[in-house]
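Take a look at this single chain in structure tokens; it is the form predicted alone.
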Amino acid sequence: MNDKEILLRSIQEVEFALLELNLYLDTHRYDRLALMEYNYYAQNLMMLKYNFDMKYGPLMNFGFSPSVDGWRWIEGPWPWE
């Protein structure tokens, strides 16, 4: 796998962990350790997505991805390509 694929895989893994923690916290809302873990992964995901955006272009549109050096949304390939 190249660097782009590794970064995308990391994003997917962290998103999966967040989904599972979200479901757990729906039924265990006072579990402080799970909440701390959720916040840790949420911060990690923001950093991973920012790094991806800066290196390879935006993952999402509509205000979720910064565009510092011109409008990069139309540049290819798309994240799933």
Partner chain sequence: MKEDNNANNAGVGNVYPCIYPIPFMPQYVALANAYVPYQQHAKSFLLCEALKKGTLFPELYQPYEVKIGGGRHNE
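Small disclaimer: the values here were computed from a predicted structure and weren't measured. Residue numbers count along the first chain shown, from 1.
This protein has a second form, the form predicted together with the partner chain, left out of what is shown; the following refers to that one.
**Q** Looking in the predicted complex, any heavy atom of residue 34 within 4.5 Å of the partner chain?
**A** Because a heavy atom of residue 34 falls inside 4.5 Å of the partner chain in the predicted complex, the answer is yes.
**Q** Residue-level question: is residue 28 within 4.5 Å of the partner chain in the predicted complex, judged on heavy atoms?
**A** Looking in the predicted complex, residue contacts with the partner chain include residue 28, since a heavy atom lies within 4.5 Å.
**Q** For the stretch 5 to 34, I need every residue with any heavy atom inside 4.5 Å of the partner chain in the predicted complex, listed N to C.
**A** Going through 5 to 34 in order - heavy atoms within 4.5 Å of the partner chain in the predicted complex - the hits are 9, 12, 13, 14, 16, 17, 20, 21, 24, 27, 28, 29, 30, 31, 34.
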